[in-house]
Structure formats: C-alpha cells, structure tokens
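Shown here is one chain on its own, the form predicted on its own, set out as structure tokens.
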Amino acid sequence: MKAKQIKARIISNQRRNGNYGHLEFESTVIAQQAQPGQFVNIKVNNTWDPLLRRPISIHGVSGSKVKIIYEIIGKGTQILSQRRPGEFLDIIGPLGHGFDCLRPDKSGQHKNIIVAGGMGVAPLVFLAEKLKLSKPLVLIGAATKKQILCLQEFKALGCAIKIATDDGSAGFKGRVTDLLNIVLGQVKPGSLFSCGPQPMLKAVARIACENKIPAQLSLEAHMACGVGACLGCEILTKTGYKSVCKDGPVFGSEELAW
C-alpha cells in the first residue's frame, strides 16, 4: 500500500539504556499497514533545521500505536529525544519492503533463526512477533552487555535467546556470527532473518550460502528522501544498483553483490 504523510501524536517518549530512546506515536493508518522490516521517515521538529527527515525502523505495533527505538547520536535524534507526549510529529510511512514472514514450521523440525546486531535488533522484535508460533531462536550481538536491547521483549514472545558480546560481559564471548556458526551445528535451520551492521550482514550472507539456508537481510543505510528519488542509498546487487529505502531495506542474501 502507498505510504502516507501524517501528523502523528506522540504517546510516550522515554530514554532507556543510556543513549536509546523508545517512542510511541498514534497512527491507525501506519499501524494497520506496517510490516516487519519497514520504516518511517520522521521530521523531528517544526523548523527546517535539520533539513532531512530521520528514517527509523518500526519496532512494533499495538492497536493504533506504532513503536520505534532510536539511538541518540546526532542533532536530529537529540531533538527527537526532547519531544514530549501530546506533541505531533510529521511522519511518512510505512516505507520500504519488509521481511517475507514465511509460514512457520509448526512441526518444530526446522528453526527460524533471527540474528540481531546492535541497533539492528529494533525491527526484529516486530518480526519475532509475527513468527512467534514457530518459536524462533534469537541471537543478539553487542559490544558489551550494556548495549543489549529488547531482551525482555523477546522473552515475552516466548523466543529462545542466545547472547554474544565482544567483551564477554554476557553470554558467548565473540561475534554473533561466530555464535551463529555454533548454533547451526546444533539445530536444523529453517530461515535466517538478520539486521545489523554491514560487516555482520555480509558474514551472515556467507554463512547462509555455505549452509544453503534461505536468508533475508535488513540493511542499514544513510537515507535522505526515503522513497528512492535521491539515489543516496544505492547498493550493488547482482541485477544492478538498487535503493535500500525503496527496493529494501530487506533483501534476499542471494541478491546482494558484496
């Protein structure tokens, strides 16, 4: 369905885990249309500074409420963190192509595996909710345990969870893709779903190819327009250049030309 530009009322906007913000806004239109992996493009204030909107993935939907998580790392997200409940945001969405939520294998013979790296965890909670009947296995990777996000939300959905941290402060010490290799020796994989930094996604794609596992990857990219007009987030695929915002952000791992 076509994305809408709306004025959405902020329901809550809370700072959690240090530099992370959790914001809920009300939009029946976006809530009804949104699919896991899609995003919204937000004008953070009512002036022209900053000029560009901020693309943020959809973290979840509840009734007419839409949830997002954002990291406070620059001027735009700093302004967004100061917006208050009752105020209105100019939002375009839902945008992009999300995950293809395959029919879960209720037999339990094959396990859907979700691999999250850093802020890439945000859209994967929404995906886990759609896949919860298959009880997916979630692998969460972060530099340190203080940067692990959404753990309780995955637990509430009944997901099995394994954690990897670079410094060993929680779970497996090492990269989440190293943990993935170990897990693949223990379970029969169905599909892989992943979002995170590009080096991690490249490793997930390689592992998927080596093990002949279908994989869908949600790419992170700097975006200006969010609709494929500016060509600012082009990525090379095996069929030529495509826009992460319009043709993605979710791509099949076999599509990408790393």
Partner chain sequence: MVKKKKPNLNVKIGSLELKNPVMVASGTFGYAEEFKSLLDLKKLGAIVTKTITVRPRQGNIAPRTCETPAGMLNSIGLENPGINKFLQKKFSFLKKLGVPVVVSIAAEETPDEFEVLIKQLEPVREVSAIELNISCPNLQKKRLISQDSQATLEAVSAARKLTDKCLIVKLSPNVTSISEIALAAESAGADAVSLINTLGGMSIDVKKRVPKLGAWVGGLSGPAIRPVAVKMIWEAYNKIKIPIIGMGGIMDIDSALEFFIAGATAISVGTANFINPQSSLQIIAELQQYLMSNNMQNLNQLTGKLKACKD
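Positions refer to the first chain, counted from 1. All values derive from a computational prediction rather than experimental measurement.
This next part talks about the form predicted together with the partner chain, which is not shown.
A.B. asks: Identify which of 207, 69, 225, 200 has a heavy atom within 4.5 Å of the partner chain in the model of the complex; exactly one of them does.
C.D. replies: Selected residue: 225.
A.B. asks: Since the chain is shown here on its own, which stretch among 49 to 57, 24 to 32, 210 to 218, 185 to 193 would lie within 4.5 Å of the partner chain in the model of the complex, judged by heavy atoms?
C.D. replies: Only one stretch passes the 4.5 Å heavy-atom test: 49 to 57.
A.B. asks: May I ask you to state whether residue 240 is within 4.5 Å of the partner chain in the model of the complex, using heavy atom distances?
C.D. replies: Yes, residue 240 is a contact residue.
A.B. asks: For residue 3, is any heavy atom within 4.5 Å of the partner chain in the model of the complex, or not?
C.D. replies: Yes - in the model of the complex, heavy atoms of residue 3 and the partner chain come within 4.5 Å of each other.
A.B. asks: So in the model of the complex, does residue 119 come within 4.5 Å of the partner chain, heavy atom to heavy atom?
C.D. replies: It does not: once the partner chain is placed as it appears in the model of the complex, residue 119 has no heavy atom within 4.5 Å of it.
A.B. asks: Does any part of residue 92 reach within 4.5 Å of the partner chain in the model of the complex? Heavy atoms only, please.
C.D. replies: So residue 92 counts as contacting the partner chain.
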